[in-house]
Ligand SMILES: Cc1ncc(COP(=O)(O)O)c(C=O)c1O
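Next up: a single chain in structure tokens, the form predicted on its own.
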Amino acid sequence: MTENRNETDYISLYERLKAHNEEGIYPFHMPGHKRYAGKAPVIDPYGIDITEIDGFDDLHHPEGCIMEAEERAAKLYGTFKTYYLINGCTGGILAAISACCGRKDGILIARNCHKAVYNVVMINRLRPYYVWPERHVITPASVKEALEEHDDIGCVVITSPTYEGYTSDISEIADIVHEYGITLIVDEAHGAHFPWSDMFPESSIKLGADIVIHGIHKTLPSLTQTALLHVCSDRIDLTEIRRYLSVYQSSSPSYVLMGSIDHCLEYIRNDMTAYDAAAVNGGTGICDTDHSESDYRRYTAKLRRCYEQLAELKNLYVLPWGSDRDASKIVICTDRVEIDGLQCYNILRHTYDMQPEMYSAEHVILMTSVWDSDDSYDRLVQALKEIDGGLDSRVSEDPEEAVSSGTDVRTTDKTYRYPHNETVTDIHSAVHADSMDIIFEGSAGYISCDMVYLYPPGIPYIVPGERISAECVGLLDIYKKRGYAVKGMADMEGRLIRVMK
């Protein structure tokens, strides 16, 4: 209720957005266009906001310019078919799973998947089986074990990369999945930039996945809510994909968003031409100078220098990048110092005017893109070295040995993990069951009707149909007491959870 609010104090969302843009706070977060950063002309969105008028085709039945744009996107990424998405990766995930379920009721899900996956499982009344991440990734062995155990699985869904940038062995997982005659869907939302430099992991498009979903607004210069669904094999029924895309996307798709996708991909296409030319001249796909004409060569050179400089930190440390972790995600780990991820996040935001993407108990994630400003990395390095200089390490562990262990979780309370809750019933049955609200602290042993998660990244700690474990209650209680926003509870304050009677 807002009866007591003084209307003279009201500031519209539009005015807030304009004011924020003028504050000078640097965006180390998505979207990847970084609010233009001087790279593109500012166009009035109202001037290009149209509907399906003559000459501008129809996203749900493309025969003209949109069909041609999607064909060019498929050629750029090297896919069998590519579809424009204006409802983000969420729309693509919903459509892909709905189209691939087939006649089987079971689905194998990586337990660190985004909540959108669980929502489509509920909508389609599927029976979920889970594979749990080991040191951030899904192992081929765990996928094979699950497929051997359950013969009603219609498709497999993996998230790669994770929010922290870790990638699973998609090639081997794809081989295993295809042995069982089913399809592999990879939520590669944070990997739309992978094909554009050897500095990044290889895209699942080239590793055997049947469908790959890219959130191009996350790491490429495109507007929020823009994404791509790539069909990468002939195992997929394109009629079913198109049918469900029409179900899960607006019947009045935004031409502003579609235009943004097209503009973004045209920029990438032109930059790759410059990148290839520079590679021929320089003899390598990666450049260590700022003198080539390719933005991506300059971008990767700046990233390399940034990692080299951040390696000098004494107390904080940065996760290393490589073939199995995306360099574009700069992950600042705090588990060896007296501050946690939230405190580090707040220091960067309020002292140094930098807006990180997200925080967890033990780290802060900063997202970079090809459109980051030239001085952004220098500002970041200077800020982190100043923060680092005022901290003391609380453990004597060697950082190189710690990083090589494959996990950034080495605190005494081990809070950064996903607890294993027993699956008792399917998500749809639990969501629609007779229920009651109880105090969350006393919910251990009950079967949840709510989906409880931290956002970002939107990965559920509790899924409807699971028996809530005491471990899970304790973990989320720690998060709440530290000031983290636990979402999905029965009430806005996060005190109550809805459980089955």
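As the structure is a prediction and not an experimental result, all values here were calculated from the model. Sequential numbering from 1, following the sequence displayed.
Heads up, the form predicted in complex with the named molecule isn't pictured, but that's what we're talking about next.
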Any non-hydrogen atom of H136 within 4.5 angstroms of the named molecule in the model of the complex: no
Non-hydrogen atom contact S168 with the named molecule in the model of the complex at 4.5 angstroms: no
Distance check, A433 to the named molecule in the model of the complex, heavy atom within 4.5 Å: no
Heavy atom of A189 within 4.5 Å of the named molecule in the model of the complex: yes
Within 4.5 Å of the named molecule in the model of the complex, all of N421, I438 and R498 (non-hydrogen atom): no
Options 422 to 430, 85 to 93, 256 to 264, 230 to 238; stretch whose heavy atom lies within 4.5 Å of the named molecule in the model of the complex: 85 to 93
Answer option from L475, A444, M30, L454, heavy atom within 4.5 Å of the named molecule in the model of the complex: M30
Interface residue in the model of the complex among H193, R336, H217, H363, criterion: non-hydrogen atom within 4.5 angstroms of the named molecule: H217
